[in-house]
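Have a look below at one chain only, the form predicted alone, in structure tokens format.
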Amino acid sequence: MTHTLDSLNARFAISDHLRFSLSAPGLPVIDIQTPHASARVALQGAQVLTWQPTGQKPVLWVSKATVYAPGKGARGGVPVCWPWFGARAGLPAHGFVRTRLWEMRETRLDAAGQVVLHLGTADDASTRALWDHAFDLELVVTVGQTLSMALVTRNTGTAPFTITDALHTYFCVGDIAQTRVQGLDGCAYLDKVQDFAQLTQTGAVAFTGETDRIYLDTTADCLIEDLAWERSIRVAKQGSSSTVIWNPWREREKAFADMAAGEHREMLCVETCNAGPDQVTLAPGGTHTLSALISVA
């Protein structure tokens, strides 16, 4: 697998629309510019870093203090969490693919002038040392006036396996105190801030302190009401039965070296996932697709 800029641009560049550059030595990124939108996607972790529809403010948030380095996930954009979501003792948080250099499989323009990317990764000795299963994982990203991401898991082995996964999306907002998330009224959720107590959402989700919740048994769209910037961001999803809402707030933010002071005011995570008790089991030869479609109005 070759990741030199020359070879990537020779094989996958699209004239006037897509080029590869470096975010740091050894870390290629895909720079996309079309009449519909601009975007940047890192090959490390297959992480969508930015997406901005033409005429709109940025939709995805990346910390000003994030570090681009081999083996370290960027703080922001859309980290891919797989084959587990959250912490596991002695293992990498949120799985091992978010710090892995993925393979560029295909780039193309579709009939609507959107850029379509296929990035993939598969098991090898290093992954089997952490999680002893055979798999193929592909992320299909479609960049246009909407942003579509489809994470496709294939069990290429001879035994079933069980995963949790997430498209851990960080969104830009004008002011978190003037932000609401609609679509979760009446949902049960596990509140990590309150030792995973199970509670029920009433009305829209508002932010007045640290928020870290897994909403259960929900396939609904979420609507981020960004009142300060006078816009709404819709997150539609498929293949997901849970949604995570996260903002670290003032004190928790200080624990992250890759967040600048006060940045919690301009971001929140609405994560399309299968998390907590929501798990996916795949038989040999089985496939599961976790997808999110993001739009702005």
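Please read all numbers here as calculations on a predicted model, not as lab measurements. The numbering used is simple: start at 1 and walk along the sequence shown.
This next part talks about the form predicted together with a small molecule, which is not shown.
Student: Check, residue by residue, if F171, E225 and H264 all come within 4.5 Å of the small molecule in the predicted complex, counting heavy atoms only.
Tutor: Looking in the predicted complex, the three residues F171, E225 and H264 all stay beyond 4.5 Å of the small molecule (heavy atoms).
Student: So, E103 and the small molecule: in the predicted complex, are they within 4.5 Å at any heavy atom pair?
Tutor: Answer no; every heavy atom of E103 is more than 4.5 Å from the small molecule in the predicted complex.
Student: I'd like to know if K192 sits close to the small molecule in the predicted complex, meaning any non-hydrogen atom pair within 4.5 angstroms.
Tutor: Contact with the small molecule, yes.
Student: Using a 4.5 Å heavy atom cut-off, state whether W246 contacts the small molecule in the predicted complex.
Tutor: The answer is yes: W246 has a heavy atom within 4.5 Å of the small molecule.
Student: Evaluate F256 for contact with the small molecule in the predicted complex, applying a 4.5 angstroms cut-off between non-hydrogen atoms, and reply yes or no.
Tutor: Within the cut-off, so yes.
Student: Exactly one residue in A177, A112, A93, A197 has a non-hydrogen atom within 4.5 Å of the small molecule in the predicted complex; which is it?
Tutor: Here the answer is residue option A93.
Student: Tell me which stretch of 103-111, 216-224, 163-171, 197-205 has a heavy atom within 4.5 angstroms of the small molecule in the predicted complex.
Tutor: Careful reading of the contacts points to 163-171.
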